[in-house]
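Encoded as structure tokens, the following chain is the form predicted alone, with no partner shown.
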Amino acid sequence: MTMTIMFAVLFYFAAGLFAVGLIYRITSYARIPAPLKIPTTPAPRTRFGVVMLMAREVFLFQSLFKASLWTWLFSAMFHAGLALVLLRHIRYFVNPVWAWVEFIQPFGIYAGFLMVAGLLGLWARRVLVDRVRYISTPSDHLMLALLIGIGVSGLIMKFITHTDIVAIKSFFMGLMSFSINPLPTDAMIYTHLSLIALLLIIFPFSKLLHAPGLFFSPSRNQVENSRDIRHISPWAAKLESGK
């Protein structure tokens, strides 16, 4: 029961820090001024065009596809696999399990392999490509190792050690109602949950939080209407009003 209490406290702390950190980072992005009109050309000339551009960036990684096909492939493998894995894990937090979550269970299982394969490809790129290796920092390698550790430990529990998933669901359902139900005494589940908690703690303060920044990037979210409207930055407007 001691380990159960420790993990309960750890996940309450990790989830709280994750939520607070996420809100802090997003509000920080929102407060950063963007006084210049600097959309990357060719840029959309309508707000609808900007929305479609952002959708292609978020779901298809359009810029990455144009920059590096191999990086795009590994990144797409990782993100697609991760999305399915996360959706599959919804079953641990709802009762009864929703029909569409039941439907994707077989796909979510093997998406774990896709996720790990994409991460290994991205890690190999940081080691084998000279220009990428030069700008890679120890934290870049540690983040990839952490994500791979989460994926591999999850696959081990599914295909080798066969952890008691009923007890795991009971534990997390209990946390949601502020009651503590016992975790199975399994070293692999302890490893898997420890890595997940570590990821939640560091995620808002690391490079892994890059998706929200895309929505606040002036080179992406601005309409190219400089030929129709004269844009004046705030400091220039003050100078003009002082004349």
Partner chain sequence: MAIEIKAPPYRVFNIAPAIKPGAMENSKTFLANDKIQAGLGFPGQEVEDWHDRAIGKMGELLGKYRSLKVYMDACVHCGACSDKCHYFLGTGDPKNMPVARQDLMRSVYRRYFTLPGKIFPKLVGARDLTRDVLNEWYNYFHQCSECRRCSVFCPYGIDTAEITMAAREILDAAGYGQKYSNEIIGKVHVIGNNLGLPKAALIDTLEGLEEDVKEDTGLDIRFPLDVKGAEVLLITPSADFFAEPHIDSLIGYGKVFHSAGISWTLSSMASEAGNFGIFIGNYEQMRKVALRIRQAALELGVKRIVVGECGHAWRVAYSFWNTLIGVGDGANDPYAIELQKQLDHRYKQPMHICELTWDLAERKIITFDKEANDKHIITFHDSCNVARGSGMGDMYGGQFEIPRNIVKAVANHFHEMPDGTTHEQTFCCGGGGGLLTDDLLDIRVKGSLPRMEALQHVVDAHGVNFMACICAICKSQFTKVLPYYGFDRRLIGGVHQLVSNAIKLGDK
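Here the structure is a predicted model, which means the values were calculated and not measured. Residue numbers count along the first chain shown, from 1.
There is another form of this protein, the form predicted in complex with its partner chain, and it is not shown here; the text below is about that form.
Chemist: Though its partner chain is not shown, can you say which of 70, 48, 29, 59 has a heavy atom within 4.5 Å of it in the predicted bound form?
Modeler: The residue from 70, 48, 29, 59 that makes the contact is 29.
Chemist: In the predicted bound form, which of the listed residues (175, 199, 43, 188) lies with a heavy atom within 4.5 Å of its partner chain?
Modeler: None of the others qualify; the residue that does is 43.
Chemist: Examine residue 132 and determine whether its closest non-hydrogen atom to its partner chain in the predicted bound form is within 4.5 angstroms.
Modeler: Heavy-atom contact with its partner chain at 4.5 Å: present for residue 132.
Chemist: In the predicted bound form, is there a heavy atom of its partner chain that lies within 4.5 Å of any heavy atom of residue 91, even though the partner is absent here?
Modeler: Contact check for residue 91: no, nothing within 4.5 Å of its partner chain in the predicted bound form.
Chemist: Taking its partner chain as it sits in the predicted bound form, is residue 63 near enough to touch it, meaning that at least one heavy atom pair lies within 4.5 angstroms?
Modeler: Residue 63 belongs to the contact set for its partner chain.
Chemist: Verify the contact flag for residue 23: yes if a non-hydrogen atom of it lies within 4.5 Å of a non-hydrogen atom of its partner chain in the predicted bound form, no if not.
Modeler: Contact with its partner chain, no.
Chemist: In the predicted bound form, which of 167-175, 93-101, 146-154, 120-128 comes within 4.5 Å of its partner chain (heavy atoms)?
Modeler: Every other range fails; the passing one is 120-128.
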